[in-house]
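In the block that follows, a single chain appears as structure tokens, in the form predicted on its own.
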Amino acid sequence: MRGKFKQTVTELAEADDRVLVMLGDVSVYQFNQFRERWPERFYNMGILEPTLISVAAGLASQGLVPFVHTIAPFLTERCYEQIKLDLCYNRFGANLVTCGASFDYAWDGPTHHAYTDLAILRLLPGMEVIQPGSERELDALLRSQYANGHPTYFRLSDHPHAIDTGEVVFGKGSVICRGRRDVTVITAGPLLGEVVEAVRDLEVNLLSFHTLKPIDRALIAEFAHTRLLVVHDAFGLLEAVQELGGLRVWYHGLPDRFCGWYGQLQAIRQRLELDAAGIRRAVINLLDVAP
């Protein structure tokens, strides 16, 4: 996804001289050509994440459109106060773009895990929260949202899926399949690849959301008569679904404890039963429960 991010932002910068890139010593080499072409619109500020946010807010206050980019937990959890006060409270638009979603960087241990970012940023008034699952979704959402005047969070992954989710519209979810059973599986982001494999021959509905805030309430309401199973490798989607109220909701995702493991992404997913096999067991268990 980072390659697509670089490509799209470069194309946006070509057409819009307000666009600038701010890095926290991550993806620097990917943006070499950007820096060479527009050195006055490129800042690598090093491992100073709160400063990145505050400077981005100042630049946005002058009508510029910053893209701030570094590793997920450092740009979100570490900078929560700056995002809240400098961007959201002041209603300054900026694009926060991270890499290392959920357990992408689990080989570096718990300091690089990122599974609370979506949930905490959803709490901030005026914040838009986006978790694209594919490069196609990322490209479309970057282009539609980058200069809308709102602080917007884009959560990138190194493991995107390649599923065609149909038309990509900010704030709208996608119906991946419709089944004949009274169960609807709801997921978001790259995990859709595992979920599709898990339910391939099961007669369930499957919904995918690339936008967590604002969530597509109308689409969820369309399936409110069914039992909803939220499958997600982060906090945030479950809470967004539950906000509608009056729903029958089950959750298959993270435990309420620190996942203090090292390893590769697929091994962590397997341990959490968020691989295709584990997700399939959760769906079958719900299908076996009487409505």
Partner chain sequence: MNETCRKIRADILSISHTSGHGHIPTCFSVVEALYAIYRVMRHRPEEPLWSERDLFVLSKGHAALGHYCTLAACGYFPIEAVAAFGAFDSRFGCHADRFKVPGVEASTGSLGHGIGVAVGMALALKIQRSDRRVFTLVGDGEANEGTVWEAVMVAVDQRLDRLTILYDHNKSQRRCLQIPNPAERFRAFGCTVSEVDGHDLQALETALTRSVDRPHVVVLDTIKGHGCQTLCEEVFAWHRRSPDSATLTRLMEELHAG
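Numbering follows the first chain given and starts at 1. Computed from a prediction, not measured in an experiment: that's the story for all the values here.
Just so you know, the form predicted in complex with its partner chain exists too; it's not on screen, but the next bit is about it.
Judged against its partner chain in the model of the complex with a 4.5 angstroms heavy atom cut-off, the residues Thr8, Leu12 and Val26 are out of contact without exception. In short, of 222-230, 260-268, 55-63, 247-255 it is 55-63 that has heavy atoms within 4.5 Å of its partner chain in the model of the complex.
The partner is absent here, but in the model of the complex a heavy atom of Phe92, alone among Tyr115, Phe74, Phe92, Phe170, sits within 4.5 Å of its partner chain.
Note on the partner interface in the model of the complex: the residue among Asp158, Glu81, Glu203, Asp164 having a heavy atom within 4.5 angstroms of its partner chain is Glu81.
Using a 4.5 Å cutoff between non-hydrogen atoms, Phe34 does not count as a contact of its partner chain in the model of the complex.
In the model of the complex, its partner chain lies farther than 4.5 Å from every heavy atom of Trp38.
Proximity of Cys177 to its partner chain in the model of the complex falls outside the 4.5 Å heavy atom cutoff.
Heavy atoms of Leu20 reach within 4.5 Å of its partner chain in the model of the complex, making it an interface residue. Heavy atoms closer than or equal to 4.5 Å to its partner chain in the model of the complex belong, across 34-57, to the residues Glu40, Tyr43, Met45, Leu48, Pro50, Thr51, Ser54, Val55, Ala57, ordered by sequence position.
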